[in-house]
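The chain below stands alone and is given as structure tokens, in the form predicted alone.
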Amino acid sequence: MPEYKMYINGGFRGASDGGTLTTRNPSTGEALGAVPSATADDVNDAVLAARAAFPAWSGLPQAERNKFLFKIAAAIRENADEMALLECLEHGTPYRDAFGVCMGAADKFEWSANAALRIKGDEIPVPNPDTLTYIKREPAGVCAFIIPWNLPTIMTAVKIAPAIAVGNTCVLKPPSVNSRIGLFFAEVIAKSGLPAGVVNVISGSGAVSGALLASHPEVDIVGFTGSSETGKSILKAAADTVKKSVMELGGNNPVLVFADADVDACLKVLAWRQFNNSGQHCSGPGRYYVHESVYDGFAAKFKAYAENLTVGDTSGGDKSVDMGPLVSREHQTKVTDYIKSALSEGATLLTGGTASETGYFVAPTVLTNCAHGMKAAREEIFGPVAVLIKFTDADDVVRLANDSRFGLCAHVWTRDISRGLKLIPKLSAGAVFINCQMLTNEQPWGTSIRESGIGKEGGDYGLREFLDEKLVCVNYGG
């Protein structure tokens, strides 16, 4: 098994005290080996390397920075198979999805480079004669990124690409449970010839290195994707230095399936989303409100979809596998506890519900006869579990959809597009999908609604999160 090191100031090294942590194969539970566990000195070295690299990197013409981003994209494509197999091994991603994710990561660097060329200032009309006033957008500085374990490869690209494209430098901490993915990504980035210190990757626990990054006085922006609870602790750590924070946090996303919905089309999109990556998506469906007239048919088709999936060991890159394990034993237990809770509150197990002792698998699960007040309907399960709730009143279902501490996204399925459009302002969510779900490089993702986060990722809006807006006022009249 290869030995992976942290990437600091253009070089690879272990932790300064020799400390390590172990990652595991979620398909088998077997230990894969040790990765460095960063100390406070390691974190400081990485941040100071990013700070030292910032003036030269931010001062490069955009076209020169872009050359490096294109080289990173090319290096990802050249190493995509190895990167994909590592994601299969350490995260439990089926090979087809893992390879697609690597291609998406390459696309993200190219898209960010091209999009950065569009960033311009804005002139502001003022009544004063002989005065020019405008907004100048400049790189913010050093970015600290703490990425989640559910989509480690693509989230590494989502964080790094836009930040460095517009001239920032960064320190990234991959998730402790699958750190090898992030550390190998650093090796791929190094092949591009990127100047030392522009990107630094450290591994370690969130409680130590993550907290140190969030509170470090030389970090200008902290970006985090993960649970709302962890996000709150990061915001507290960042508060003492009043850092800008971009937080993509939890979701318990409502799906409204009306009587006239195309049920087959809905399931083709959302059942796939429910079980893809073993349900470990913040943007995935959280609770389905299904009109009583189509409820039974919807449930039956959902059951058939779940039972037709091939669930298996992903670590060897088997291309026939549709769904792999959850990321850890701890998370497997959390998901099965939600299933048990729902059943104890009166839900019916239509299919699935079982968990393996070898590896961290939970079978694709569909729960019917659920109620809005159940724990499984109120909280973020983050697993392959569909929670189906029957509704009759269209006005009441909107109230139920909004009755949540989250507000990341919402789904509406109806053939009546007029009804769907009228629901957009009524749904308290950062994104509303009508008869579809898509996330592209062009689209911004995120919200500032309740506990689902702060700010945007992706699209031109996401690029601007990493830019400071400076007011310039010039009197040219003498």
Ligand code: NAD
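Everything numeric in this text was worked out from a predicted model, so none of it was measured. Throughout, we count residues from 1 along the sequence that is shown.
The same protein also has a form predicted together with the ligand, omitted here; what follows describes it.
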At the 4.5 Å heavy atom threshold, is Lys173 in contact with the ligand in the model of the complex?
yes
Even though the partner isn't displayed, in the model of the complex is Tyr288 close enough to the ligand, meaning a heavy atom within 4.5 Å?
no
Even though the partner isn't displayed, in the model of the complex is Phe298 close enough to the ligand, meaning a heavy atom within 4.5 Å?
no
Report yes if any heavy atom of Phe382 sits within 4.5 Å of a heavy atom of the ligand in the model of the complex; otherwise report no.
yes
Among Thr156, Ser404, Gln332, Thr225, which has any heavy atom within 4.5 Å of the ligand in the model of the complex?
Thr225
With the ligand left out of view, choose which of Leu256, Ala186, Leu249, Val366 has a non-hydrogen atom within 4.5 angstroms of it in the model of the complex.
Leu249
So which of 210-218, 132-140, 349-357, 306-314 is the stretch with heavy atoms within 4.5 Å of the ligand in the model of the complex?
210-218
Is it true that Ser58, Ala105 and Phe466, all three, sit within 4.5 Å of the ligand in the model of the complex, judged by heavy atoms?
no
Select from 132-162 the residues with a non-hydrogen atom within 4.5 Å of the ligand in the model of the complex and write them out in sequence order.
Ile146, Ile147, Pro148, Trp149, Asn150, Met155
